[in-house]
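Quick heads-up: it's one chain on its own, the form predicted alone, in structure tokens.
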Amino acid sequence: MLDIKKIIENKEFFSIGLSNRGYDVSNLDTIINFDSKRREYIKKGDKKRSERNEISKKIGLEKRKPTESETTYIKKLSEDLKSLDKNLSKINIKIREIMLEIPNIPNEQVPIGKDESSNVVKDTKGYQRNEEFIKPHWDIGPEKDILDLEAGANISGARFFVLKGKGAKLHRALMNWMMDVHTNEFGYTEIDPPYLVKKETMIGSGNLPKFKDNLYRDDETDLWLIPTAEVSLNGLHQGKIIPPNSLPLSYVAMTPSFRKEHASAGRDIRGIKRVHQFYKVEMFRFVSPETSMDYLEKMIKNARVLCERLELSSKLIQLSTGDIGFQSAITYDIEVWAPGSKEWLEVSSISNCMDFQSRRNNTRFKEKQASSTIFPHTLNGSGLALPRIWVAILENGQQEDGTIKIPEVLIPYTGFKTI
């Protein structure tokens, strides 16, 4: 959530930033008008409370009962205050509803553009395989009896899949290896969070109300299945004050993710590149505002190290204003080359959300015990996302004799060198 005070003080700045990402800035005028009415109601309420208190104080000092006219007038003041408070509550709800729908302001470093065509490729690393014998994962997986698309569809429907044998073990090995690297080398604290969260937690992360149609929900309990562990990790300190000298807080979690993918109908329909249920290792950090851009660079490096060790060619892309996520101020995607599918697959999206999420869920910190509270900056990123990284390994590992070579770093986790 943005700071309404800053919007009122510098409407032009926010209008430009939001326009660059395609947002209808007329809502800013609505917000400003509502806030003006809100202040008016507060001013009138304060005046009537002061007047009521003065009458009560006078009666008390004179040690007498109120006159009939005083009683009538105090009653009228109380009724007026009740009406003002009711109107104030309504307008505060309206302001919050609009504020929750406004996306984050793009950082000044973000390239301006209306969609992904304005994204900027920063660099490409590693060797891109293109041998003719390499098959796409939707062919080689079933041939090796490690991927069963028909069983997934039979059990649950379209965009579900079943991994078998060495395919399932490779999938588990990838997750365990990535978690070990993040915790043992990169200094993240491992978290095993809930997969079902409250509505307030979804709002705090920025997934509600914007992405309601893409989320799975249990109607009876009003609990929501997480679309990413970012939601749970962002909620670890919601409504709390993080003590002095605690930042940065670096968390990593390995969880399933659940998405309806309505917005992606018709995209990536072959294989398991875009599915309704998938695992992802998620990096998340709470940091002091002045350090967040440095930590963004560190998280990018963390993800790219994993790609390099998995012997994959990777591409770093900076997203434009028209392509960054709702919560994000600046985002970099990392894609890996899949020679069988003949395309680049996004396996990580790393974002600095500034204080947008912490303001939504009221997470604060103190620099010193006696100092005022500050909203920390939050950063998130996949480290890395499955099953796409599994797909890339399956396709890049294919040898001319038909075997699939396992990356060296995974062999201690799989117990086998080839499939």
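Computed from a predicted model, the values in this text were never measured in an experiment. Here, rigid core means the biggest group of C-alpha atoms that superpose within 1.5 Å across both forms. All residue numbers refer to positions in the sequence shown, first residue = 1.
We do not show the form predicted together with the RNA, though everything after this point is about it.
The RNA in the model of the complex is not approached by T124, whose heavy atoms all lie more than 4.5 angstroms from it. Taking the partner from elsewhere, E367 is found to have every heavy atom lying beyond 4.5 Å of the RNA in the model of the complex. Contact check for D46: a heavy atom falls within 4.5 Å of the RNA in the model of the complex. The closest non-hydrogen atom of S26 lies beyond 4.5 Å of the RNA in the model of the complex. Figure note: of the listed segments 26 to 34, 46 to 54, 384 to 392, 349 to 357, the one touching the RNA in the model of the complex, with heavy atoms no more than 4.5 Å away, is 46 to 54. Of the candidates T291, N92, S118, T71, T71 is the one whose heavy atoms come within 4.5 Å of the RNA in the model of the complex; the others do not. When contacts are defined as a non-hydrogen atom within 4.5 Å, none of L2, Q238 and K342 contacts the RNA in the model of the complex. For the stretch 7 to 43, the set of residues having any non-hydrogen atom within 4.5 angstroms of the RNA in the model of the complex comprises R38, R39, I42, K43, in sequence order. Taking 2 Å as the criterion, S118 does not count as shifted between the shown form and the other one: its C-alpha moves by less than this amount when the rigid core is aligned.
In the core-superposed comparison between the shown form and the other one, the C-alpha atom of K368 has shifted by less than 2 angstroms.
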